[in-house]
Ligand SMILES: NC(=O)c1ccc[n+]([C@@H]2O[C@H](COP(=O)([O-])OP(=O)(O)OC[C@H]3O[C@@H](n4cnc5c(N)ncnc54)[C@H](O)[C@@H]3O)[C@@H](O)[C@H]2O)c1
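The data below hold one chain only, encoded as structure tokens and taken in the form predicted alone.
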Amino acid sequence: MHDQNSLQAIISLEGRTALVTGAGSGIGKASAATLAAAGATVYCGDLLEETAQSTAAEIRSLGGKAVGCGLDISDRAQVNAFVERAIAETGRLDIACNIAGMMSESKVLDITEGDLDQMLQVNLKGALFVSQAAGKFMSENGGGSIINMASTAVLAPSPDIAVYAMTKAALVQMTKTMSVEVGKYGVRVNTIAPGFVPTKMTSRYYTAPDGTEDAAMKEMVLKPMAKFAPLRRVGTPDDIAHAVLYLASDLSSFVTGQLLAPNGGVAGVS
């Protein structure tokens, strides 16, 4: 039975090192901030170095420990350098969060080879590269937690985002297989499949041609999304970051190969 001190200790990430890709905005930024608030030193990777640096600076301003890094996850050499830097500077690697990703829209009959290749390169190969580099170190150094970001699109079919759903479904299967292979080394590998969350990725539905947010269109998009969910609301980046914290901490020490779906109840895990 836990008391207050023991429960806080099991949630704490004090002294641990975490990597977060896609940390420049949205779910990635919220996850990086949450892990840092729990005590981890967080290496924030993002395709745009300035946004990664901005996230890290915000974390440090709140008393956390963070480093911002430009990172193209589709480049294995950059991924390896990112992982190696964290290990070299802190002497350890405990958590790796694959949150960077991209989305495109097309019907199955209209998918182009170029679109398929790009989405596979980022959403699947990028996550694989990070998982490989982090997983090898963790397997040789007492374990760790790898957290991959999928989507509710893998649970409930949605038109026009077939390539995105396909790559995320492949990521789920990669997670399950890897969890079996590295479990004996103390490495846990899990997937999170968020429901609809207003982020930079989803804002394309309510962004005007000049790049500004269309408030009326945003309400038109979010209102039915919220109504569709049993909880009657859309998610927030922090909702998903809390799931990341659970899988990163010792709260989930007996959890691996699983799909956690914080989606307001819009789709069950089959």
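Since we're looking at a predicted model, the values are computed, not measured. Heads up: residue numbers just count along the shown sequence, starting at 1.
Beyond what is shown, the protein has a form predicted together with the named molecule; the following relates to that form.
- Remark: of stretches 147 to 155, 105 to 113, 89 to 97, 134 to 142, the one touching the named molecule in the predicted complex is 147 to 155 (heavy atom within 4.5 Å).
- Candidate site formed by 32, 127 and 172: none of these residues places a non-hydrogen atom within 4.5 angstroms of the named molecule in the predicted complex.
- The named molecule is not shown here, but in the predicted complex it comes within 4.5 Å of a heavy atom of residue 25.
- The named molecule is not shown here, but in the predicted complex it comes within 4.5 Å of a heavy atom of residue 74.
- Contact check for residue 122: a non-hydrogen atom falls within 4.5 Å of the named molecule in the predicted complex.
- Mapping the unseen interface onto this chain, residue 199 counts among the residues with a heavy atom inside 4.5 Å of the named molecule in the predicted complex.
- Proximity to the named molecule in the predicted complex, defined as a heavy atom within 4.5 Å, holds among 231, 216, 57, 48 only for 48.
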